[in-house]
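A single chain comes next, written as structure tokens; it is the form predicted on its own.
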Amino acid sequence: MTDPRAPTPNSTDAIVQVRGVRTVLGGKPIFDNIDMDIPRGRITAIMGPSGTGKTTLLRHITGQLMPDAGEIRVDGQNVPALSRDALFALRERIGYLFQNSALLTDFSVFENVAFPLRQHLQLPEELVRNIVLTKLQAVGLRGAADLMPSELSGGMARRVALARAIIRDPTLILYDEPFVGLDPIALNQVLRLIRTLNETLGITSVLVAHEFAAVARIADLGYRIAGGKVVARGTPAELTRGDAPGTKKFFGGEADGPVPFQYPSRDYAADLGFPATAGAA
């Protein structure tokens, strides 16, 4: 398997380059000098146990959260060094699918998808209507334009959120846990949409996900992060053959192994008001 510390073969054409990033949140180290390349026009998956910083990485890419050290270059621009105006301009080229779809509950499907256009552009209403219906058609939900979010299934809500994420034809789209809570049919629909949109629109996709079986069907490249570092990188097939600590446990869903179940804490007995037990975790 490829050395996770080495740059990817096509790093010169990477739309996102992460170099020497260190991040500490609430006194807890999240990233410890990580390097990563996201190749342009491909689907890259970021995987790892809960709490390893996958969503934090997406927030770094969009400039919602700045690292304590290192560079994060998106299309050649170092995000931590950008001015406010330059950062906002960069974000306009990035689509974001939120973990729980994040639809506006008082807006119809149509208005949810139209929201970015109305916020950032002054377009004739007829043009707004045509763009929104085109994106809803792409995700198979043009007929649901007048429905409210409360009337949607989980899979439909995810597709509406995807239509909103691509409404401005981004060059990069970030998916934060896009498969959570989907039934098998909805999951297959979303997987097909991600692959189809990536190929037809020529965009770059970054997925944060736990569901390796789903990721393996569409991802061109995968990273596994743990302990603040990139511990494995390669195609889905290469990742499953990896021998890095925790790889077998993570991809096999095994209950026992090097990935801890308990979040670091004080002595258990002391928390309950009893005398501390020597050697207790």
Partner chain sequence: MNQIRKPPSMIGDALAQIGACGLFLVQIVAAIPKSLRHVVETIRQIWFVGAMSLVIIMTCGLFVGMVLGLQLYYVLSIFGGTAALGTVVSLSLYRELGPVVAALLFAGRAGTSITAEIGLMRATDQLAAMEMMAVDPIAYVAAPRFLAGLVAMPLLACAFNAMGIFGAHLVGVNWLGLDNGTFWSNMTSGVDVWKDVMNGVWKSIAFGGVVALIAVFQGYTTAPTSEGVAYATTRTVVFSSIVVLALDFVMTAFLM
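Numbering follows the first chain given and starts at 1. In this text, all values refer to a predicted model and were calculated from it rather than measured experimentally. Think of the rigid core as the biggest set of C-alphas that the two forms share within 1.5 Å after superposition.
There is also a form predicted in complex with its partner chain; it is not shown, and the following applies to it.
J.: Would you point out which of 228-236, 30-38, 215-223, 58-66 contains residues with a non-hydrogen atom within 4.5 Å of its partner chain in the predicted complex?
T.: It is 58-66 that comes within 4.5 Å of the partner.
J.: Its partner chain isn't shown here, but in the predicted complex which of D183, D75, E92, D169 has a heavy atom within 4.5 Å of it?
T.: Checking each option against its partner chain in the predicted complex, the one that comes within 4.5 Å is E92.
J.: Go through L82, A102, M148, L123 and name the one with a heavy atom inside 4.5 Å of its partner chain in the predicted complex.
T.: Looking at L82, A102, M148, L123 one by one, just A102 meets the 4.5 Å heavy-atom criterion.
J.: Quick check on T200: any heavy atom within 4.5 Å of its partner chain in the predicted complex?
T.: Answer no; every heavy atom of T200 is more than 4.5 Å from its partner chain in the predicted complex.
J.: Considering only heavy atoms, tell me if Y96 and its partner chain come within 4.5 Å of each other in the predicted complex.
T.: It does: once its partner chain is placed as it appears in the predicted complex, Y96 has a heavy atom within 4.5 Å of it.
J.: So, in the predicted complex, is R164 in contact with its partner chain at a 4.5 angstroms heavy atom limit?
T.: R164: contacts its partner chain in the predicted complex.
J.: Within 4.5 Å, heavy atoms only: does G140 come near its partner chain in the predicted complex?
T.: The answer is no: G140 has no heavy atom within 4.5 Å of its partner chain.
J.: For the stretch 101-119, return the residues whose heavy atoms include at least one within 4.5 Å of its partner chain in the predicted complex, in the order they occur.
T.: Contacting residues: A102, L103, L104, T105, D106, F107, F115, P116, Q119.
J.: By the 2 angstroms cut-off, has the C-alpha of S150 moved between this form and the one not shown once the rigid core is superposed?
T.: After core superposition, the displacement of the S150 C-alpha between this form and the one not shown reaches the 2 Å mark, so yes.
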